[in-house]
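Laid out below as structure tokens are two forms of one and the same protein chain, each shown alone and named structure 1 and structure 2.
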Structure 1
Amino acid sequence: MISAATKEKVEALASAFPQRRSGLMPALHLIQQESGYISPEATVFLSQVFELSRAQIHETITFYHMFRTRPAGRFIFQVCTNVSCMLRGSEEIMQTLSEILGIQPGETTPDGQFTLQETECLAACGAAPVVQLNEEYLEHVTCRQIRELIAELRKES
């Protein structure tokens, strides 16, 4: 479901740029932020607002790694495994997360709480290894910190 408030914001985005379609990316972000993913219903709504075919909307969605067409976990861990982080132990971080959560990179726990992903350089290499938890950057991450964090998040959920 897209809330009325989000619908209104999306409609405003359609006229916020010199051309209508430029509002599409910001609109996709808004919708994903609210619902966790871009549903078929959202695609229909966007195609009406931006006067594009559903295929055109889909074309944009699928090009960008961040947009999801299926729901993910409540807590999404993205481990940067690119070179600077690799040199600083990101493989161990990934392994620790994988063990504790009992899932492989790319998977979500059966209870729908945690998703684990490998990601590319996050432009925070000076603070390697870096993990992104939802929108937040965790820097200079240690395995111990990961264990404590997961324990905390499990209590919360």
Structure 2
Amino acid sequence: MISAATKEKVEALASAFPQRRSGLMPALHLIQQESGYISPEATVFLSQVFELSRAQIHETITFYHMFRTRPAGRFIFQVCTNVSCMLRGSEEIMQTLSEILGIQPGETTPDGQFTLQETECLAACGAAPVVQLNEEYLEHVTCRQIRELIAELRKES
């Protein structure tokens, strides 16, 4: 559900630009920040505010990896699978995460704590392999570091 305050901010964004659709990206960020993902209800609301079809809103959401159409875990692991990261061990990192968490890429643990995602590129090739944990980049990641990190995160939960 979108709060009245967020709806007001989204409508202000749409009005702030000569072409309403220019405010769509910041509006998507606002809604996801509040709800954790972009719901079908939010898509309908955005299509009305920005005078775009629901398909156009959906295309934008699914084009960018930072937007989600389903609820995600408290901790979101995004593993870069581009060539630089793959050559430096991202497949092993992904396998380690999958084994420890008991989920496959695109899934969330039953307790809602962890989501695992495959990402085409995190634009940090010089620091491969790279994993993004929520908004933080983890560079030159090893499987050992991943095991230790998950143990720490589970203690926090």
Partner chain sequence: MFTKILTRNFDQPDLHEMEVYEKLGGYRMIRQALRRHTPEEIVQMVQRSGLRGRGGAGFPTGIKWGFIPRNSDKPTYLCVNADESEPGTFKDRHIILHDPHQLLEGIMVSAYAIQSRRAFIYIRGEMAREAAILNDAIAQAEKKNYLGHRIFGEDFDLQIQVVRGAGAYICGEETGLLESIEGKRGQPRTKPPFPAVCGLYGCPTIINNVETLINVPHIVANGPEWFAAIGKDPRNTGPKLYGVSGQVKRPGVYEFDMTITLKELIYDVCGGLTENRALKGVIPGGSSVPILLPEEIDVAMDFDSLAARGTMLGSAGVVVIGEGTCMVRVARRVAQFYAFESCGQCPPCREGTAWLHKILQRIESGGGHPGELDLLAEICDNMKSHTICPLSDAAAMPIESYIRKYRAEFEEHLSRPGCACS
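The term rigid core refers to the maximal set of C-alpha atoms that superpose within 1.5 Å between the two forms. Remember, it's a predicted structure, so these values are computed and weren't measured experimentally. Just so we're on the same page, residue numbers count up from 1 along structure 1's sequence.
Structure 2, not structure 1, represents the form predicted on its own. Note on conformational change between structures 1 and 2: the chain splits into two rigid parts whose relative rotation, smaller against larger from C-alpha fits, is 22 degrees. Aligning the rigid core between structures 1 and 2 leaves the CA of residue 16 offset by 4.2 Å. Its Cα shifted by 3.1 Å between structures 1 and 2, residue 65 is reported here after superposition on the rigid core.
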